[in-house]
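One chain follows as structure tokens, the form predicted alone.
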Amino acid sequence: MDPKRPGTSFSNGAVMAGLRVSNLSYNFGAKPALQDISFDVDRGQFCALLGPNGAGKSTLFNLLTRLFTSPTGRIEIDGQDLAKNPRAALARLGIVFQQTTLDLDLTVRQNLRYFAALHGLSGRAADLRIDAALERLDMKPRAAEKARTLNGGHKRRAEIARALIHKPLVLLLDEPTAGLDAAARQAITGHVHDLSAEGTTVLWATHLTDEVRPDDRLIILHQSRILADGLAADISGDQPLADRFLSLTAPA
């Protein structure tokens, strides 16, 4: 098997990490935002990062995308050290931020073409990737619509489609369903699980337990620390996940 392909294993049976975070800490002045965070996400795995508001999820995403840097710890994206090889590491990364970053005065296709150009794609090669991404997210019929006319769910689909154009090996989504209704949340969660099943490593940050499936990898982050890490079904045990999450994050 090719160790460069997502979801594959080495000859010794070990699965290569799509995302590896080791001993990562970050402070805002004297206030710790993350304290000695370590975890691996295997290639092709869907991992939910569950935590209440203020847990440190967005800080972690800012570090993973190099918007913040930390003097401690290490981040590897599909085997590339983010500090030592930032260009190679970030080239493997797709990101959907919590706040929309679409240009509202451009059409969906124009937004995606601009993003493709930033990655050195143009002409027919760019159009083929754009069409494939729009088709993947059921957004091709809306390609000519201006972004400002889209509802929240379709804006999110457009942003995920945009994040896929350069064929990232690792996809980060920071609260991607914030403000959406239940049907839109379910549809987007399903789309991203499908991407993971096809080989994309996914880190999905949320504070909503109903977005986590029992067989998902789950990391619970609270007050800058990891409280639990494993399969969601194992962490919840004989309780509903919502009850288990509340018991872990309840004030002392």
Partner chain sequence: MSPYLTSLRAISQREALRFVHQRERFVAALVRPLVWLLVFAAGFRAALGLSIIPPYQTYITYETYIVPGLCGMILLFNGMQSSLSLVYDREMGSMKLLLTSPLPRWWLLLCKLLGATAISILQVYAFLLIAALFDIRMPSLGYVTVLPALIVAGLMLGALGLLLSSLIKQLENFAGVMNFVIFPMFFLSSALYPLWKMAESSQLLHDVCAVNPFTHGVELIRFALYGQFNPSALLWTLVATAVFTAAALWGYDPARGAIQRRGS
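As the structure is a prediction and not an experimental result, all values here were calculated from the model. Residue numbers count along the first chain shown, from 1.
There is another form of the same protein, the form predicted in complex with its partner chain; it is not shown, and what comes next is about it.
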The one residue among D103, D138, E145, D81 placing a heavy atom within 4.5 Å of its partner chain in the predicted bound form is D103
Assert contact residue (its partner chain, in the predicted bound form, non-hydrogen atom within 4.5 Å, options Q45, S224, N62, T209) equals N62
Handout entry: T189, heavy atom within 4.5 angstroms of its partner chain in the predicted bound form
Key = no
Mark L118 yes when one of its heavy atoms lies within 4.5 Å of a heavy atom of its partner chain in the predicted bound form, and no otherwise. yes
### Task
Mark A132 yes when one of its heavy atoms lies within 4.5 Å of a heavy atom of its partner chain in the predicted bound form, and no otherwise.
no
Check your understanding: in the predicted bound form, does L67 have a heavy atom within 4.5 Å of its partner chain?
Key -> yes
Here the chain appears without its partner; judged in the predicted bound form, the stretch of 120-128, 149-157, 177-185, 73-81 with heavy atoms within 4.5 Å of its partner chain is 120-128
